[in-house]
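Only one chain is shown below, in structure tokens, and it's the form predicted alone.
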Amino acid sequence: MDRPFKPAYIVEALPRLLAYLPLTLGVALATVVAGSILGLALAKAKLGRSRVMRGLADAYTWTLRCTPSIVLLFLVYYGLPAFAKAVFSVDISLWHRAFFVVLTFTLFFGATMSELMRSAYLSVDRGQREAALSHGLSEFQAFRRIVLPQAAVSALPNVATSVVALLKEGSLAYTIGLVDLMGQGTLIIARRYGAWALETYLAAALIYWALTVTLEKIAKRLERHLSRGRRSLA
């Protein structure tokens, strides 16, 4: 039976979806932190002198970029517990689903961040670092005061884009039963036997749109702030 479109159901669904927004943001934040650490380690390997480490880091990035996120999510969610049970006799199948979601998207985000960090580091003229060292700065001081501010400005737009993409990709978590924002929307539709699905999805879309706009505005403000610091170095 076809039902007429009712905007009132969008308003009704919004607070029910927003109740699960903290979990969605928490998963995204944990992924960004863990993925950035992984990306830093991979970028360091790619910039290092060891051919073996460079090859492994490049192979990792290539493999993750060629793997659909939903496929990796299923591999991690179903494969990791089976592996842990077979090798270590440890049952992790009952761990919170958020763990598997964070782990999956950390692997993806780390691969992306490694390339962003590597290219941002290489975008800074090496002569500036050498000049800083010649004026008595240590390696760490030269990196923190000269290289890092310029590399951050260079990387920030792409990092912001990657974080937004991560937030949207995280909506796939409902496919393994995580009740986050999107998972709650799916449950609402199921409890109504598929009724007013369009209104519910529109409510979810409004929330994601608001989050995207907010993140983009924060990134632009931060970029302007860092750019002022960069100009002060000139």
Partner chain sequence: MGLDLEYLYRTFLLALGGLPVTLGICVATLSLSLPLGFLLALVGMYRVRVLGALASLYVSFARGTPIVLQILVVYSLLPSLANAIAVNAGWNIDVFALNPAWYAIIVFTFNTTAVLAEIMRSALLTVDKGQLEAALASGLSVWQAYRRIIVPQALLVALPNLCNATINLIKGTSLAFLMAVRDVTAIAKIEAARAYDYVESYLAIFVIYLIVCGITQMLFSTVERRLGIYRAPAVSF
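Owing to the predicted nature of the structure, the values given are computational and were not obtained by experimental measurement. Residue numbers count along the first chain shown, from 1.
Below: the form predicted together with the partner chain, not depicted.
Exercise. For this chain shown on its own, do L21, A43 and H225 all sit within 4.5 Å of the partner chain in the model of the complex, going by heavy atoms?
Worked result: No, because L21, A43 and H225 lack any heavy atom that approaches the partner chain to within 4.5 Å in the model of the complex.
Exercise. Should A86 be classed as touching the partner chain in the model of the complex when contacts are defined as heavy atoms within 4.5 Å?
Worked result: Heavy-atom contact with the partner chain at 4.5 Å: present for A86.
Exercise. Taking heavy atoms and a 4.5 Å cut-off, does V11 contact the partner chain in the model of the complex?
Worked result: No - in the model of the complex, heavy atoms of V11 and the partner chain never come within 4.5 Å of each other.
For this session: With heavy atoms only and a cut-off of 4.5 Å, decide whether S171 touches the partner chain in the model of the complex.
Result: Yes.
Exercise. Would L64 count as touching the partner chain in the model of the complex under a 4.5 Å heavy atom rule?
Worked result: It does: once the partner chain is placed as it appears in the model of the complex, L64 has a heavy atom within 4.5 Å of it.
Exercise. Thinking of the partner chain in the model of the complex, which stretch from 118 to 126, 78 to 86, 136 to 144, 97 to 105 has heavy atoms inside 4.5 Å of it?
Worked result: Answer to the contact question: 78 to 86.
Problem set entry | in the model of the complex, the one of M182, I188, A28, A57 near the partner chain [non-hydrogen atom within 4.5 angstroms] | Checked against the cut-off, the match is M182.
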